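Only one chain is shown below, in C-alpha cells, and it's the form predicted alone.
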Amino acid sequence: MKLSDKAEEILEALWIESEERGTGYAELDRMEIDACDPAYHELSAQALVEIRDGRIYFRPEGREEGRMTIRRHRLAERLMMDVLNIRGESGDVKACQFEHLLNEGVDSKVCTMLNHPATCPHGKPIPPGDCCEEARKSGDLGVVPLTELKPGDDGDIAYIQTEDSKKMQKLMAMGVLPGNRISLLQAFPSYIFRVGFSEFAIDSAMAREIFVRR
C-alpha cells in the first residue's frame, strides 16, 4: 500500500535519527511533523513504527521501508542537482516533491542512470538497492560520460549535462539527443564520434558533458 507523502517524510526523519545518528528512536516533540498528524496513525496501523513514551521507533518491517524511503529522497536530490542542474533550496524542494514518484522500480532506473551513486549531494550515504548489487557483480557501469568509452565503443545517449546554452544547442545540432545511438571513433587528440551517418569532433570538456548508456 502506497504511503502518504507525510508518512514517508516521517520515515525519512526517523531513519536519520535512529539509524544514522544511532539513537534507535526519534523524539516526537523534535519531529517537524506534528505528533497529532494522522500520518503517525497511518504508520502505526501498517505496523511500520511503534510509538511509546513520547518516542517513535521502527518496527522490523518499517526499518526496510525507511531505508528505501531515504534512498528515494537522496536519489531525487542527485537527479535534481546532477542532471537537471537545480541547486540550492529550489533543488531540495523539488527533490522532496519528486521522491514520492520514485516507486515501483522507477528508483532503480534513476539509480542506474546516475551510475549507482554512493552519496547524495550533501555527502550522506544512499542505501544501495538491488540494482547496485547487480551492477557490481556484472561490472555494468550504467550511464557514463563519453570520455569513459574507448574507441570502438558505442551506446545510447542518456542526457547532456551542461549549463551553457550555446554548448547545448551545438550538441543538439549534431544530433546528440537522448535516445540516439553514438559511437566513439577516436579519443585523442580530440574526441571524434558518429551519430547517425555523420561524424563530429569535440574537445574533452564537451565530451564529459555527454552521458551514454552502454
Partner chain sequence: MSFFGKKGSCHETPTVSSTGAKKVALVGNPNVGKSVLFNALTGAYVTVSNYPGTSVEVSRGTTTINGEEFEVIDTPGMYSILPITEEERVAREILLTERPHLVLHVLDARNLERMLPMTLQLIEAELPVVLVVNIMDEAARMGLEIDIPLLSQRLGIPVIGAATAKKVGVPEIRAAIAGSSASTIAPFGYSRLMETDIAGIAGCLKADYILSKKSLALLLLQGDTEVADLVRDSEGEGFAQVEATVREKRFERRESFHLDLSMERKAIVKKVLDGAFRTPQKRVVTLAERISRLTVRPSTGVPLLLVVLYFGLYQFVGVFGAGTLVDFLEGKGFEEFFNPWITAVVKGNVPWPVIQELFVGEYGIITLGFRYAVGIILPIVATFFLFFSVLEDSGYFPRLALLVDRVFKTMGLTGRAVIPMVLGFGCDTMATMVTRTLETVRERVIATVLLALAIPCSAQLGVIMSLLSKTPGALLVWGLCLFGIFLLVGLLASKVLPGDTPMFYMEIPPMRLPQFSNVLTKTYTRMQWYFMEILPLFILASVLLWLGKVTHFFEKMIEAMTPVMASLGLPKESAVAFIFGFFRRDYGAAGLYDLQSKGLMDARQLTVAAVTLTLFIPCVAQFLIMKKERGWKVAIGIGLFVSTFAFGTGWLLNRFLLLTHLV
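Rigid core: the largest C-alpha set superposing within 1.5 Å between the two forms. Residue numbers count along the first chain shown, from 1. Everything numeric here is computed off the predicted structure, so don't read it as measured data.
Beyond what is shown, the protein has a form predicted together with its partner chain; the following relates to that form.
- None of 23 to 31, 64 to 72, 39 to 47, 173 to 181 except one has non-hydrogen atoms within 4.5 angstroms of its partner chain in the predicted bound form; the exception is 173 to 181.
- Though the partner is left out of this view, Q169 does reach within 4.5 Å of its partner chain in the predicted bound form, counting heavy atoms only.
- Although the partner is absent here, L185 is a contact residue: one of its heavy atoms lies within 4.5 angstroms of its partner chain in the predicted bound form.
- At least one heavy atom of I192 is located within 4.5 Å of its partner chain in the predicted bound form.
- For I202, a non-hydrogen atom is located within 4.5 Å of its partner chain in the predicted bound form, even though that partner is not displayed.
- Superposition of the core reveals a Cα shift of 2 Å or more for P178 between this form and the one not shown.
- A displacement of less than 2 angstroms separates the C-alpha positions of I16 between this form and the one not shown, with the rigid core held in common.
- When two forms of a protein are overlaid on their rigid core, residues whose CA moves 2 Å or more are considered shifted, and P151 is one of them between this form and the one not shown.
- The pair L171 and I86 separates in the predicted bound form: their C-alpha atoms are at least 3 Å more distant from each other than in the form depicted.
- Relative to the shown form, the Cα atoms of E163 and K94 move apart by 3 Å or more in the predicted bound form.
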